[in-house]
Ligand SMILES: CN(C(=O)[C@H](Cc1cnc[nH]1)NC(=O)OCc1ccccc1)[C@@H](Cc1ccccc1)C(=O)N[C@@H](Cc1c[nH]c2ccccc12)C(=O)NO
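Below, in structure tokens: the form predicted alone, a single chain.
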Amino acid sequence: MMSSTSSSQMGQLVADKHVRYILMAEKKKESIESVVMDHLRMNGAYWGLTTLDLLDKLGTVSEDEVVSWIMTCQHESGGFAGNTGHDPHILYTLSAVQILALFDKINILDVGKVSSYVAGLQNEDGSFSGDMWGEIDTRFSYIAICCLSILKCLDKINVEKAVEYIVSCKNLDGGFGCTPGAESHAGQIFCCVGALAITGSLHHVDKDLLGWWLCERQTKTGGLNGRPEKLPDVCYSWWVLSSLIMIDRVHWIDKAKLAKFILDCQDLDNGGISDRPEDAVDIFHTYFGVAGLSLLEYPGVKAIDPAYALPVDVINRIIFTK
């Protein structure tokens, strides 16, 4: 855990400004950023709202407004779209379920319908497609498993085959790719390790080998990258760090240097966090920066679950509710 002394030496999290930035971003519907992100607004809502909850400010938004909008994005199939009037996809379906979990509103869902949509995307080999068009990726395996676990419907899929497919994507360096034989990448590693953690299958991971690959992602700046020879990026503060925590190897990196890197990426005047210092901020990196600080036990940030990517108190509420 980080002491208040170490956190004061490396700079402060300007939490109030990040809250204001997130609330303002939602109001700028005519901005170029908003127009470009229109089709994935559900993801943006998940990033922003989870950040607010981690900063204990979820009460600053209208729960009824958010929940009503989410339900306008649901299709007859049971799946959710990234926004009203768009097509359903497993990505947006998980984000919708996660947001409803934040507000303790899972009970308004037709759980059978949503879980059947997700389960229906499993293929014969255990993999998952993202939607009706059939793209396969281990991201979708994680999303399906995470979503169905939150809905308590994992029994609707063939978990054994799902795990077998994920394990078939493991590489000689200990990492995982998006499909069998694909290059190891920190984002895919989080998805595969997260899915294996949720299904109680982490014994398939070579923790020392993968831990070594992941800890080598820390650069001289303190930040983490997603693959060898790439620039550091705040979002990997989540993908890499959560994976290291799940395999119990987080002590292999310099946490204080990583926290400093994240804090250096803040816009201290207007709020928000960027991918690297001095770059433009966005909701995506603001969420992953704050989530990374949460994993680092930074003072004033609520604890986040490394597998489910939701605050620990939200996951506990789900697990302990019949």
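Start at 1 with the first residue shown and count on from there. Keep in mind it's a predicted model, so treat the numbers as computed, not measured.
Another form, the form predicted together with the named molecule, is not on view; read the next lines as being about it.
Look at 247-255, 136-144, 195-203, 112-120: in the predicted bound form, residues with non-hydrogen atoms within 4.5 angstroms of the named molecule sit in 136-144.
Taking 96, 241, 191, 210 one by one, only a single residue has any non-hydrogen atom within 4.5 Å of the named molecule in the predicted bound form, and it is 191. Put simply, of 163, 157, 91, 106 only one has a heavy atom within 4.5 Å of the named molecule in the predicted bound form, and it is 91.
Although the partner is absent here, residue 43 sits close enough that one of its heavy atoms falls within 4.5 Å of the named molecule in the predicted bound form. For the chain shown alone, residue 282 is a contact residue for the named molecule in the predicted bound form, at least one non-hydrogen atom being within 4.5 angstroms. Proximity of residue 217 to the named molecule in the predicted bound form: non-hydrogen atoms within 4.5 Å are absent; the residue sits far from the partner. When contacts are judged by a 4.5 Å heavy atom cut-off, residue 233 counts as touching the named molecule in the predicted bound form.
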